Ligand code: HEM
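Before any questions on how it binds or moves, here is one chain, the form predicted on its own, in structure tokens.
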């Protein structure tokens, strides 16, 4: 019970924010707006000056108990400390995530596992993310999906890419990867919205998760009888040393993957597009030299991480940057702050697609390095190339951007653009 309470406490910590000036986002509803609703109403336009101050003055920040009887928690902001928290699984356990999200994702959540269970489980599910599998998806699925979306607005004079492109393509892609009926993708989006907004409405998230499991049960049972060329089949048939994933492991993974596969790529691809559109000289360079796209993707992830933090719980007394931390204490690793640590990155507050490569923290590091990172990179690369190929002269619609106050914002957990209004040289479009 104590672990579960700590898990719920970290959920509240994620949404409580730091001492930054908020502005009301004023969003409500479902669909894409539901995803925006996952962001705290006290939305923050720019948390990075505060991160910089904390890295200098309070790199390991103690926070008071969130509820009576809970221990204090700590937030770490420097790259070295974040790296240690994420790599040292023996001291910093992922169990706090499992405790906090068990009712929503299931009892066997890979992101909430520690060694040795985690290594064994990861080896089984990673078969679904092999390079040859990704190559197949690129041609048969991702390229087709982004072209179909562009078909819907290519003949227009302008469009908001956030609503008409970056929100739609990850949902269709992850549905296709799983082998789910494409006609149902909007229902998947609704379930994903419900699960992602767990911080706003716990009961709704649990209900959506249960409905998703009921839906998946029929698909999983069908794949056991008649395997197909999809990720659910890979999970059902995966075997290591004579062992296979049990039902709870499969459903827990799928209930985490569906919303994560939709919302993370939606946010990260939108952030990168916003950064390129507001840095037109870099947009022109990437458009002219497509070999720059991979490093532009990495720089976008470093500069504007779609998810700002993750959490662990200490298994024993330890120390970070000279600060003593007791056992059973929640430690939040602020990866977005680590991504702009000047001890690691030159001129970190500048977006620069020509930057010398250095691994960012947005996909994590250590044993829980994101399994889906190669798919996310593939999706973003294909999505960018398709836009450049079919919308010549793509650029920010300055008038619409000012009118809508387009910018990247978030709370202490998520960041994404509020809108992406664009125009292009309509007479030269590729239908």
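Positions refer to the first chain, counted from 1. Note that the coordinates shown come from a computational prediction; the quantities given were computed from them, not determined experimentally.
Absent from the display: the form predicted together with the ligand. The rest refers to it.
Exactly one listed residue, out of 219, 154, 111, 141, brings a non-hydrogen atom to within 4.5 Å of the ligand in the predicted complex: 111. The partner is absent here, but in the predicted complex a heavy atom of 260, alone among 260, 98, 180, 162, sits within 4.5 Å of the ligand. Taking non-hydrogen atoms only, residue 367 approaches the ligand to within 4.5 angstroms in the predicted complex. In the predicted complex, no heavy atom of residue 270 sits within 4.5 Å of the ligand. Residue 54 falls outside the set of residues with a heavy atom inside 4.5 Å of the ligand in the predicted complex. Contact annotation: residue 310 falls within 4.5 Å of the ligand in the predicted complex, judged by heavy atom distances. Partner proximity in the predicted complex, defined as non-hydrogen atoms within 4.5 angstroms of the ligand, places exactly one of 248-256, 275-283, 203-211, 342-350 at the interface: 248-256.
Within 4.5 Å of the ligand in the predicted complex, a heavy atom is found for every one of 122, 371 and 376.
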